[in-house]
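Here's a solo chain for you in C-alpha coordinates, the form predicted on its own.
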(Lines give C-alpha, C1' and ligand atoms only; values in the text may rest on other atoms or scores of the structure.)
Protein backbone atom coordinates (compact mmCIF):
# COMPACT_ATOMS: atom_id res chain seq x y z
CA UNK A 1 0.00 0.00 0.00
CA UNK A 2 1.15 3.51 -0.79
CA UNK A 3 1.66 6.09 1.94
CA UNK A 4 -0.61 9.13 1.95
CA UNK A 5 1.76 12.00 1.17
CA UNK A 6 1.02 15.18 3.08
CA UNK A 7 2.21 18.78 2.98
CA UNK A 8 2.03 20.72 6.25
CA UNK A 9 0.96 24.29 5.44
CA UNK A 10 1.41 26.57 8.45
CA UNK A 11 3.82 25.82 11.28
CA UNK A 12 2.47 27.80 14.16
CA UNK A 13 1.63 26.05 17.42
CA UNK A 14 -1.32 24.07 16.06
CA UNK A 15 0.36 23.36 12.71
CA UNK A 16 3.44 21.97 14.44
CA UNK A 17 1.39 19.78 16.74
CA UNK A 18 -0.56 18.43 13.77
CA UNK A 19 2.70 17.67 11.95
CA UNK A 20 4.04 15.78 14.97
CA UNK A 21 0.83 13.74 15.18
CA UNK A 22 1.06 12.91 11.47
CA UNK A 23 4.58 11.60 12.02
CA UNK A 24 3.23 9.20 14.63
CA UNK A 25 0.71 7.72 12.20
CA UNK A 26 1.46 4.63 10.15
CA UNK A 27 0.58 5.18 6.50
CA UNK A 28 1.05 8.96 6.58
CA UNK A 29 4.18 10.71 5.31
CA UNK A 30 5.07 14.40 5.38
CA UNK A 31 6.74 15.28 2.09
CA UNK A 32 6.77 19.07 2.35
CA UNK A 33 6.24 22.02 4.69
CA UNK A 34 5.28 25.65 4.14
CA UNK A 35 5.31 28.72 6.37
CA UNK A 36 5.51 32.48 5.90
CA UNK A 37 7.69 33.24 8.93
CA UNK A 38 11.17 34.27 7.76
CA UNK A 39 12.83 32.62 10.76
CA UNK A 40 11.38 29.24 9.73
CA UNK A 41 11.90 29.34 5.96
CA UNK A 42 14.89 27.23 4.92
CA UNK A 43 15.10 25.45 8.26
CA UNK A 44 14.89 21.70 8.52
CA UNK A 45 11.41 20.66 9.60
CA UNK A 46 12.95 18.62 12.42
CA UNK A 47 14.38 21.81 13.89
CA UNK A 48 11.07 23.66 13.67
CA UNK A 49 9.25 20.73 15.30
CA UNK A 50 12.07 20.31 17.86
CA UNK A 51 12.59 16.65 16.99
CA UNK A 52 15.72 14.61 17.55
CA UNK A 53 15.08 12.57 14.41
CA UNK A 54 16.22 14.34 11.23
CA UNK A 55 13.70 14.73 8.42
CA UNK A 56 14.84 15.40 4.87
CA UNK A 57 12.45 18.32 4.55
CA UNK A 58 13.20 22.04 4.47
CA UNK A 59 10.48 24.56 5.21
CA UNK A 60 9.52 26.46 2.07
CA UNK A 61 8.16 29.97 1.82
CA UNK A 62 6.96 29.45 -1.77
CA UNK A 63 3.90 27.23 -1.92
CA UNK A 64 3.59 27.29 -5.71
CA UNK A 65 7.18 26.17 -6.20
CA UNK A 66 6.83 23.41 -3.64
CA UNK A 67 3.62 22.11 -5.21
CA UNK A 68 5.28 21.92 -8.63
CA UNK A 69 8.30 19.99 -7.33
CA UNK A 70 6.78 17.57 -4.83
CA UNK A 71 4.08 14.96 -5.36
CA UNK A 72 1.50 14.98 -2.57
CA UNK A 73 -2.04 13.81 -1.96
CA UNK A 74 -3.25 16.27 0.65
CA UNK A 75 -2.46 19.53 2.44
CA UNK A 76 -3.12 20.02 6.14
CA UNK A 77 -3.60 23.78 6.36
CA UNK A 78 -3.37 25.73 9.66
CA UNK A 79 -2.63 29.42 9.23
CA UNK A 80 -5.56 31.71 10.10
CA UNK A 81 -9.16 31.79 11.34
CA UNK A 82 -10.40 34.19 8.65
CA UNK A 83 -11.38 32.81 5.24
CA UNK A 84 -10.57 35.98 3.33
CA UNK A 85 -7.01 35.80 4.68
CA UNK A 86 -6.44 32.19 3.63
CA UNK A 87 -8.49 32.12 0.43
CA UNK A 88 -5.53 32.44 -1.96
CA UNK A 89 -3.48 29.93 0.06
CA UNK A 90 -6.22 27.33 -0.24
CA UNK A 91 -6.94 28.20 -3.86
CA UNK A 92 -3.29 27.53 -4.69
CA UNK A 93 -3.56 24.08 -3.09
CA UNK A 94 -6.65 23.25 -5.12
CA UNK A 95 -5.15 24.46 -8.40
CA UNK A 96 -2.21 22.14 -7.72
CA UNK A 97 -4.66 19.24 -7.50
CA UNK A 98 -4.32 18.71 -3.75
CA UNK A 99 -7.00 17.75 -1.24
CA UNK A 100 -7.19 20.18 1.68
CA UNK A 101 -8.11 19.90 5.35
CA UNK A 102 -7.95 23.30 7.04
CA UNK A 103 -8.37 24.47 10.62
CA UNK A 104 -9.68 27.84 9.33
CA UNK A 105 -12.81 28.36 11.43
CA UNK A 106 -14.70 30.33 8.80
CA UNK A 107 -14.17 27.53 6.27
CA UNK A 108 -16.18 25.10 8.43
CA UNK A 109 -19.44 26.39 6.92
CA UNK A 110 -18.70 29.36 4.64
CA UNK A 111 -21.90 29.49 2.58
CA UNK A 112 -23.72 32.16 4.61
CA UNK A 113 -20.93 34.64 5.32
CA UNK A 114 -18.73 34.08 2.24
CA UNK A 115 -20.96 32.64 -0.52
CA UNK A 116 -18.81 33.81 -3.44
CA UNK A 117 -15.60 32.40 -1.93
CA UNK A 118 -17.36 29.14 -1.09
CA UNK A 119 -18.66 28.86 -4.65
CA UNK A 120 -15.24 29.45 -6.17
CA UNK A 121 -13.48 26.98 -3.88
CA UNK A 122 -16.12 24.38 -4.68
CA UNK A 123 -15.75 25.02 -8.41
CA UNK A 124 -11.97 24.77 -8.35
CA UNK A 125 -12.00 21.62 -6.22
CA UNK A 126 -14.48 19.89 -8.54
CA UNK A 127 -12.48 20.93 -11.60
CA UNK A 128 -9.38 19.27 -10.12
CA UNK A 129 -11.19 16.25 -8.65
CA UNK A 130 -10.18 17.04 -5.07
CA UNK A 131 -11.98 17.76 -1.80
CA UNK A 132 -11.70 20.57 0.74
CA UNK A 133 -12.88 20.62 4.36
CA UNK A 134 -12.67 23.07 7.23
CA UNK A 135 -12.79 21.40 10.64
CA UNK A 136 -11.49 21.37 14.20
CA UNK A 137 -12.86 20.88 17.67
CA UNK A 138 -14.96 24.02 17.50
CA UNK A 139 -16.27 24.73 14.93
CA UNK A 140 -16.24 21.26 13.47
CA UNK A 141 -17.43 19.15 16.39
CA UNK A 142 -18.49 20.34 19.84
CA UNK A 143 -20.83 23.20 19.01
CA UNK A 144 -22.23 21.94 15.70
CA UNK A 145 -21.56 18.35 14.55
CA UNK A 146 -22.13 16.79 17.97
CA UNK A 147 -25.40 18.69 18.70
CA UNK A 148 -26.63 17.77 15.20
CA UNK A 149 -25.90 14.08 15.86
CA UNK A 150 -27.69 14.26 19.22
CA UNK A 151 -30.91 15.34 17.47
CA UNK A 152 -31.01 11.97 15.66
CA UNK A 153 -33.33 10.27 18.20
CA UNK A 154 -35.63 13.30 18.38
CA UNK A 155 -39.10 13.34 16.83
CA UNK A 156 -39.16 17.10 17.30
CA UNK A 157 -36.55 19.77 18.06
CA UNK A 158 -37.66 23.12 19.43
CA UNK A 159 -34.33 24.66 20.42
CA UNK A 160 -30.68 23.83 21.02
CA UNK A 161 -28.27 25.33 23.53
CA UNK A 162 -24.56 24.57 23.69
CA UNK A 163 -22.32 25.81 26.48
CA UNK A 164 -18.54 25.36 26.43
CA UNK A 165 -16.70 26.32 29.63
CA UNK A 166 -12.95 26.02 29.29
CA UNK A 167 -9.97 26.48 31.58
CA UNK A 168 -7.52 28.65 29.63
CA UNK A 169 -4.58 28.71 32.04
CA UNK A 170 -2.83 25.73 30.46
CA UNK A 171 -3.44 26.63 26.83
CA UNK A 172 -0.76 27.88 24.43
CA UNK A 173 0.56 31.43 24.84
CA UNK A 174 -1.07 32.72 21.63
CA UNK A 175 -4.48 31.45 22.75
CA UNK A 176 -4.24 33.09 26.18
CA UNK A 177 -3.37 36.38 24.53
CA UNK A 178 -6.16 35.97 21.97
CA UNK A 179 -8.77 35.93 24.73
CA UNK A 180 -7.27 39.00 26.45
CA UNK A 181 -5.61 37.33 29.42
CA UNK A 182 -4.00 39.81 31.90
CA UNK A 183 -5.25 42.92 30.07
CA UNK A 184 -6.96 45.77 31.87
CA UNK A 185 -10.68 46.14 31.18
CA UNK A 186 -10.13 49.37 29.22
CA UNK A 187 -7.43 47.84 27.02
CA UNK A 188 -9.57 44.74 26.48
CA UNK A 189 -12.55 46.78 25.26
CA UNK A 190 -10.34 48.92 23.03
CA UNK A 191 -8.81 45.81 21.46
CA UNK A 192 -12.31 44.41 20.91
CA UNK A 193 -13.35 47.64 19.18
CA UNK A 194 -10.16 47.56 17.08
CA UNK A 195 -10.83 43.87 16.29
CA UNK A 196 -7.46 42.89 17.73
CA UNK A 197 -9.37 40.53 20.03
CA UNK A 198 -12.20 38.79 18.24
CA UNK A 199 -13.43 36.34 20.81
CA UNK A 200 -14.24 32.87 19.57
CA UNK A 201 -14.27 32.73 15.77
CA UNK A 202 -16.77 30.25 14.36
CA UNK A 203 -19.99 30.73 16.33
CA UNK A 204 -21.70 32.16 13.24
CA UNK A 205 -20.58 29.16 11.19
CA UNK A 206 -21.67 26.64 13.83
CA UNK A 207 -25.16 28.14 13.99
CA UNK A 208 -25.35 28.14 10.19
CA UNK A 209 -24.34 24.46 10.09
CA UNK A 210 -26.93 23.41 12.69
CA UNK A 211 -29.66 25.33 10.89
CA UNK A 212 -28.69 23.80 7.55
CA UNK A 213 -28.75 20.27 8.97
CA UNK A 214 -32.21 20.77 10.50
CA UNK A 215 -33.48 22.74 7.50
CA UNK A 216 -34.34 25.65 9.75
CA UNK A 217 -34.77 28.98 7.99
CA UNK A 218 -33.32 31.50 10.42
CA UNK A 219 -34.35 35.15 10.28
CA UNK A 220 -31.03 36.27 11.76
CA UNK A 221 -27.79 35.17 13.42
CA UNK A 222 -26.59 37.47 16.20
CA UNK A 223 -23.00 37.26 17.45
CA UNK A 224 -22.62 39.50 20.49
CA UNK A 225 -19.34 41.33 21.26
CA UNK A 226 -17.14 39.33 23.66
CA UNK A 227 -17.38 40.31 27.31
CA UNK A 228 -14.38 40.18 29.67
CA UNK A 229 -14.26 37.85 32.65
CA UNK A 230 -12.56 39.78 35.46
CA UNK A 231 -10.32 38.00 37.95
CA UNK A 232 -10.99 38.59 41.64
CA UNK A 233 -7.67 37.11 42.73
CA UNK A 234 -4.13 36.65 41.45
CA UNK A 235 -3.78 33.73 39.07
CA UNK A 236 -0.66 32.27 37.51
CA UNK A 237 -1.09 30.59 34.12
CA UNK A 238 1.55 28.70 32.16
CA UNK A 239 2.84 31.94 30.64
CA UNK A 240 1.65 34.95 32.66
CA UNK A 241 0.32 36.29 35.96
CA UNK A 242 -3.15 37.82 36.20
CA UNK A 243 -3.65 40.45 38.89
CA UNK A 244 -6.99 41.10 40.62
CA UNK A 245 -9.12 43.35 38.42
CA UNK A 246 -7.42 42.20 35.21
CA UNK A 247 -9.02 40.13 32.47
CA UNK A 248 -8.89 36.38 33.04
CA UNK A 249 -10.58 35.53 29.74
CA UNK A 250 -13.86 36.13 27.97
CA UNK A 251 -17.40 35.07 27.18
CA UNK A 252 -18.81 34.97 23.66
CA UNK A 253 -22.49 34.38 22.92
CA UNK A 254 -24.36 33.92 19.66
CA UNK A 255 -28.00 33.28 18.76
CA UNK A 256 -29.82 31.79 15.82
CA UNK A 257 -33.28 33.33 15.61
CA UNK A 258 -36.62 32.51 14.03
CA UNK A 259 -38.33 35.86 14.33
CA UNK A 260 -37.70 36.84 17.94
CA UNK A 261 -37.31 33.27 19.19
CA UNK A 262 -33.79 32.07 20.00
CA UNK A 263 -33.83 28.55 18.60
CA UNK A 264 -30.03 28.11 18.77
CA UNK A 265 -27.88 29.51 21.58
CA UNK A 266 -24.12 29.07 21.74
CA UNK A 267 -22.10 30.20 24.77
CA UNK A 268 -18.32 30.05 24.75
CA UNK A 269 -16.65 30.83 28.08
CA UNK A 270 -12.89 30.57 28.51
CA UNK A 271 -10.81 31.98 31.36
CA UNK A 272 -8.07 31.14 33.84
CA UNK A 273 -10.36 30.92 36.88
CA UNK A 274 -12.49 28.04 35.61
CA UNK A 275 -12.49 25.31 38.28
CA UNK A 276 -14.73 22.73 36.62
CA UNK A 277 -14.57 22.85 32.82
CA UNK A 278 -17.32 21.14 30.85
CA UNK A 279 -19.09 20.98 27.51
CA UNK A 280 -22.87 20.81 27.64
CA UNK A 281 -25.54 20.35 24.99
CA UNK A 282 -29.22 20.79 25.80
CA UNK A 283 -31.90 19.95 23.24
CA UNK A 284 -35.51 20.83 23.99
CA UNK A 285 -37.75 18.62 21.95
CA UNK A 286 -39.36 15.20 21.91
CA UNK A 287 -37.57 13.77 23.77
CA UNK A 288 -35.48 16.34 25.63
CA UNK A 289 -31.78 15.49 25.54
CA UNK A 290 -28.97 16.79 27.75
CA UNK A 291 -25.35 15.78 27.44
CA UNK A 292 -22.56 17.02 29.67
CA UNK A 293 -18.89 16.19 29.13
CA UNK A 294 -17.26 16.58 32.53
CA UNK A 295 -13.85 18.20 32.21
CA UNK A 296 -14.54 19.28 28.65
CA UNK A 297 -12.47 18.35 25.63
CA UNK A 298 -9.04 19.99 25.32
CA UNK A 299 -9.26 22.41 22.41
CA UNK A 300 -5.79 21.96 20.94
CA UNK A 301 -5.74 18.17 21.23
CA UNK A 302 -9.25 17.97 19.81
CA UNK A 303 -8.45 20.18 16.82
CA UNK A 304 -5.27 18.23 16.03
CA UNK A 305 -7.10 14.91 16.19
CA UNK A 306 -10.06 16.12 14.15
CA UNK A 307 -7.81 17.36 11.35
CA UNK A 308 -5.84 14.12 11.11
CA UNK A 309 -8.77 11.75 11.66
CA UNK A 310 -10.60 13.48 8.80
CA UNK A 311 -7.92 12.41 6.29
CA UNK A 312 -9.50 9.11 5.19
CA UNK A 313 -12.96 10.68 4.92
CA UNK A 314 -11.59 13.41 2.64
CA UNK A 315 -9.56 10.99 0.56
CA UNK A 316 -12.74 8.97 -0.01
CA UNK A 317 -15.14 11.91 -0.43
CA UNK A 318 -16.66 13.28 -3.59
CA UNK A 319 -14.78 16.28 -5.08
CA UNK A 320 -15.75 19.77 -4.01
CA UNK A 321 -16.14 21.86 -0.86
CA UNK A 322 -17.64 19.76 1.91
CA UNK A 323 -18.53 20.33 5.55
CA UNK A 324 -18.79 17.97 8.50
CA UNK A 325 -22.48 17.32 7.79
CA UNK A 326 -21.60 16.08 4.30
CA UNK A 327 -19.22 13.37 5.55
CA UNK A 328 -19.68 9.98 7.20
CA UNK A 329 -19.11 10.01 10.96
CA UNK A 330 -15.45 10.54 11.86
CA UNK A 331 -13.70 8.20 14.24
CA UNK A 332 -10.25 7.83 15.73
CA UNK A 333 -7.88 6.16 13.26
CA UNK A 334 -5.83 4.08 15.64
CA UNK A 335 -4.12 1.82 13.14
CA UNK A 336 -2.62 2.11 9.66
CA UNK A 337 -4.30 5.11 8.03
CA UNK A 338 -4.05 3.47 4.60
CA UNK A 339 -6.56 0.83 5.66
CA UNK A 340 -9.24 3.51 5.77
CA UNK A 341 -8.65 4.88 2.27
CA UNK A 342 -10.03 3.72 -1.05
CA UNK A 343 -7.66 5.37 -3.49
CA UNK A 344 -9.18 7.38 -6.29
CA UNK A 345 -8.21 6.37 -9.82
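Being a predicted model, the structure only gives us computed values, none of them experimental. Positions refer to the first chain, counted from 1.
In what follows, reference is made to the form predicted together with a further copy of the same chain, a form of this protein that is not presented.
Contact check for residue 29: every heavy atom lies farther than 4.5 Å from a further copy of the same chain in the predicted complex.
Residue contact with a further copy of the same chain in the predicted complex: residue 322 places no heavy atom within 4.5 Å of it.
Contact between residue 42 and a further copy of the same chain in the predicted complex is not found at the 4.5 Å heavy atom cutoff. Shown alone here, residue 129 lies farther than 4.5 Å from a further copy of the same chain in the predicted complex, counting heavy atoms only. The single contact residue among 286, 36, 65, 51, judged by any heavy atom lying within 4.5 Å of a further copy of the same chain in the predicted complex, is 286.
Put simply, of 103, 145, 168, 208 only one has a heavy atom within 4.5 Å of a further copy of the same chain in the predicted complex, and it is 145. Only one of 248 to 256, 120 to 128, 151 to 159, 83 to 91 places residue heavy atoms within 4.5 angstroms of a further copy of the same chain in the predicted complex, namely 151 to 159. The three marked residues, 293, 305 and 329, each reach a further copy of the same chain in the predicted complex, with a heavy atom inside 4.5 Å. Residues from 190 to 221 that approach a further copy of the same chain in the predicted complex with a non-hydrogen atom closer than or equal to 4.5 Å are 213, 214, 215, 216, 217, in the order they occur in the chain.
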